[in-house]
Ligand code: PEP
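Just the one chain here, laid out as structure tokens, in the form predicted alone.
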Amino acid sequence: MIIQLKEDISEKQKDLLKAEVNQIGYKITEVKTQLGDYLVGIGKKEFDIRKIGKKEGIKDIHIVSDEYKLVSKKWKVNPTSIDLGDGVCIKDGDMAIIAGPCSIESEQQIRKIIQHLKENGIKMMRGGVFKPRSSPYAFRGLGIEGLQLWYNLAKEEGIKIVTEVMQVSQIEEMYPYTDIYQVGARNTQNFNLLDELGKVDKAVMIKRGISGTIEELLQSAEYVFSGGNEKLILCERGIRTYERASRNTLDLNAVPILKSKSHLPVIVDPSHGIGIREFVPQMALAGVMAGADGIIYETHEIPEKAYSDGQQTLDFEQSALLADWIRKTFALRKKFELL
């Protein structure tokens, strides 16, 4: 169960409430976030929730049978919106576009990509400064100095930054320069990292694990929420299957399923999902029609010269076309939803 507490609940009222719920046979965990104060009860004994709901200090009470409680749609019907400030939001009923390179490479590269984004009305830029690579000899990012440079250039133009955090020690040093912490597929079940991101008052986008189930993705989000951070975004980026014709298998089934199970916004990453440049636009548009709240894709002035993932990266001309197609396809989807 989830018990939403009133803002003015006293410690005495809270202690009495915990004691009564424990007597019923439920283990209680208190969760405080930026937006609310909750008691999460874990147990299986059936009881009349009206008995608890009448207690002083309670705003509402919900029975949630899912293993993941706080990210479940069973208690929070209204979708969560992620407000990044300056009019930039990721929310249900809208279409966020996030674009940028796989890796941040240089000041010149950053300036060119920011200019491209501005010309196409894109207000969020993705990019990696700490790069987890399969080979230890491959380019592994510019580190915190690269992030600081990127932040200063992006801030001048009103561009929000989405970048990957790989370990707990990076969270604090990245904090002043990051708008959305990205948890990559390799770290989706790095529970120490998820716990620490729960203590941060900034948005966190969690990518689905490379072999992860939908349930496991939601449980990863639950770790962050239960740690105190409600600013969460789910990302479908493809999973590893027996198919070898593409980099991954982009599971677009996950989009409507996640939207039905959780109140959190859902983003689709077609670049990693298929890993083949010429097919990224088709999969992006398929993600829009599947019900995604946003698309995140890779772009670079000259993909063939990109330090990483050039084979799945769009050039600026392709990116401009895709951004336009995404908006037009989303408008078409909205018409279907009205039928």
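From 1 onward, residues are counted along the sequence shown. The structure presented is a predicted model; accordingly, all values stated were derived computationally and were not measured.
The next section is about a form of this same protein that is not shown, the form predicted in complex with the ligand.
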Legend entry - Partner-facing stretch of 113-121, 88-96, 69-77, 180-188, counted where any non-hydrogen atom is within 4.5 angstroms of the ligand in the predicted complex: 180-188
Legend entry - 4.5 Å heavy atom contact, H272 to the ligand in the predicted complex: yes
Inset, instruction - Consider E164 of the chain shown here, and say whether it contacts the ligand in the predicted complex, taking contact as heavy atoms within 4.5 Å. - result: yes
Inset, instruction - Indicate whether the ligand has at least one heavy atom within 4.5 Å of a heavy atom of K207 in the predicted complex. - result: yes
Legend entry - Close approach of C102 to the ligand in the predicted complex, 4.5 Å, heavy atom: yes
Legend entry - Heavy atom within 4.5 Å of the ligand in the predicted complex - residue from K259, K202, K131, K160: K131
Legend entry - in the predicted complex: members of 224-238 within 4.5 Å of the ligand, any heavy atom: R237
